[in-house]
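Below sits a lone chain in structure tokens, taken as the form predicted on its own.
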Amino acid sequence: MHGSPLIDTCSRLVEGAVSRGFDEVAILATRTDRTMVKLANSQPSVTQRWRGISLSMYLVKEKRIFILEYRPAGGDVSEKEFDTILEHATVVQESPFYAPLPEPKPVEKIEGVVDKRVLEYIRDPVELAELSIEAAHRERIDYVAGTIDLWYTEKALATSKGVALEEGLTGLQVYLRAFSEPDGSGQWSTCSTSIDIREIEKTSITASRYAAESKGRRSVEPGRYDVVLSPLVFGNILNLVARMSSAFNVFTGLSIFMKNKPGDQVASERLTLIDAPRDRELPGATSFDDEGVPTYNKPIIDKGVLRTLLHNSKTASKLGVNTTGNAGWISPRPWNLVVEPGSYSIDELIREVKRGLLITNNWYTRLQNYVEGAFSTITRDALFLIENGEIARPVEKVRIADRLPSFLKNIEALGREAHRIMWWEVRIPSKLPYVLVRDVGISKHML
């Protein structure tokens, strides 16, 4: 088998592990070329560059599973770890989740996920940094901060079943936070597999507008409120929900879906949440999972009904179903998230609220109980009181404290414009609109 140096390395390691006595082997290699520009005080402050290879190894001996991850120094890949593992294999228990690695299947590669302009900006990102800063200052702000992250990733997978696959993808993630003295701040984000100058400008402008409009904040009383959530906040909460759709998390008690089965109504009929690994706009796109299974788009929740738990071959074997192409050697995972939009503009969503809040950003989301879905999260940046269908005034930060099942069922309306979102509180690339949720618990944020 001969291909790129990356797939050749994977194949060599598979052969080496099998020759030493392992029953099944999968080797996943990832080579990344990445540049991140950090902005502070409306200036590029730090530019960091990374280039290297990471290796993940999946090894099975008599249904005992071993997983290694490491970054070989200087790119040199050694097979000595195989002998060390074999020495200790007999003292490890058989995995209760063991299932054979899948046989090879035809994989249709996703086209159009490598943008030459991203490769150019990886080498020199100054123009994008300057554009972001200039666009932010078109609004009434004092300064802007944030990051511009660009990368090109090649991955290769080889298994002892005969899988030999590789693909490449470019990615972009931008988040900007603007400040307008004395207390105004706003944030926005975007992500993509390609360069979209207008979207980058829009990210800066949106953050700055929220900053300028949120000055002069006053307190708001705790209680139950109807809330309009930006895609940043909606994405953060749906990232939690999507991870809970992993069958492994259901098995291990880390999911609100423990008492549900596909076909159960778990959310408002207005919500359709899709795992979309073949959405070429989002940088989680992939043609195959970590077991070499072809990926496909599928609804997790379809018009409020739980349709799909995400599976790898192990969790699928436990339930007697097919894998969904979401491996994860240990836990299945979503690749990209897409919410089908509704028919409302942002202003129309606000007009549906008699007394409530427009929440544009959040962080420090915590789960107090995974099975019941009890969670809390702190608002960040621009936050507005809504009265009689209009923005009344900016208000100080609060805490959202509610339960995911009731939150999902209280979704009332969705915006018609979808936004691509990704930052450190929304790690799964997501495409989703603003949303109106009724009767959400709001409490004081305690410093």
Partner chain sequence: MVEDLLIYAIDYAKELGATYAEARYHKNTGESIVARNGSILGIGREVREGIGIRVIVDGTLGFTAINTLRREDVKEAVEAVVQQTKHLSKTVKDRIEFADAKMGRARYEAIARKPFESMSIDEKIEMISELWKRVSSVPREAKLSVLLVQYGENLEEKVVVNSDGAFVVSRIPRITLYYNLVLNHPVKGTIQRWELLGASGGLEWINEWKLDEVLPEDTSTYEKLLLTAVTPPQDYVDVVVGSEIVGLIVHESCGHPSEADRILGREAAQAGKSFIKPGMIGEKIGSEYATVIDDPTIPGSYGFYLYDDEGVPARPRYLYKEGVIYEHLHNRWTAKVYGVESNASARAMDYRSEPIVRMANTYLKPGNYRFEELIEDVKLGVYMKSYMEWNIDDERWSQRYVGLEAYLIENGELKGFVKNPVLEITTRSFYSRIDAVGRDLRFYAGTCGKGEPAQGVPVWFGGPDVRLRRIKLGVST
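Just so it is clear, the structure is predicted and the values come from calculations on it, not from any experiment. Residue numbers count along the first chain shown, from 1.
Same protein, other form: the form predicted in complex with the partner chain, not shown, and the subject of what follows.
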{"query": "In the model of the complex, segment of 122-130, 234-242, 276-284, 333-341 with a heavy atom within 4.5 Å of the partner chain", "finding": "122-130"}
{"query": "Selected contact from 221, 347, 94, 79, since only one has a non-hydrogen atom within 4.5 angstroms of the partner chain in the model of the complex", "finding": "94"}
{"query": "Answer option from 322, 252, 297, 265, heavy atom within 4.5 Å of the partner chain in the model of the complex", "finding": "252"}
{"query": "Contact flag, residue 44 vs the partner chain in the model of the complex, heavy atom cut 4.5 Å", "finding": "yes"}
{"query": "Residue contact check: residue 410 to the partner chain in the model of the complex, 4.5 Å heavy atom", "finding": "no"}
{"query": "Residue 311, heavy atom within 4.5 angstroms of the partner chain in the model of the complex", "finding": "no"}
{"query": "Partner proximity in the model of the complex: residue 372 to the partner chain, non-hydrogen atom cutoff 4.5 Å", "finding": "yes"}
{"query": "Three-residue site 146, 187 and 366 fully in contact with the partner chain in the model of the complex at 4.5 Å by heavy atom", "finding": "yes"}
{"query": "Members of 150-179 lying within 4.5 angstroms of the partner chain, judged by heavy atom, in the model of the complex", "finding": "173, 175, 177, 179"}
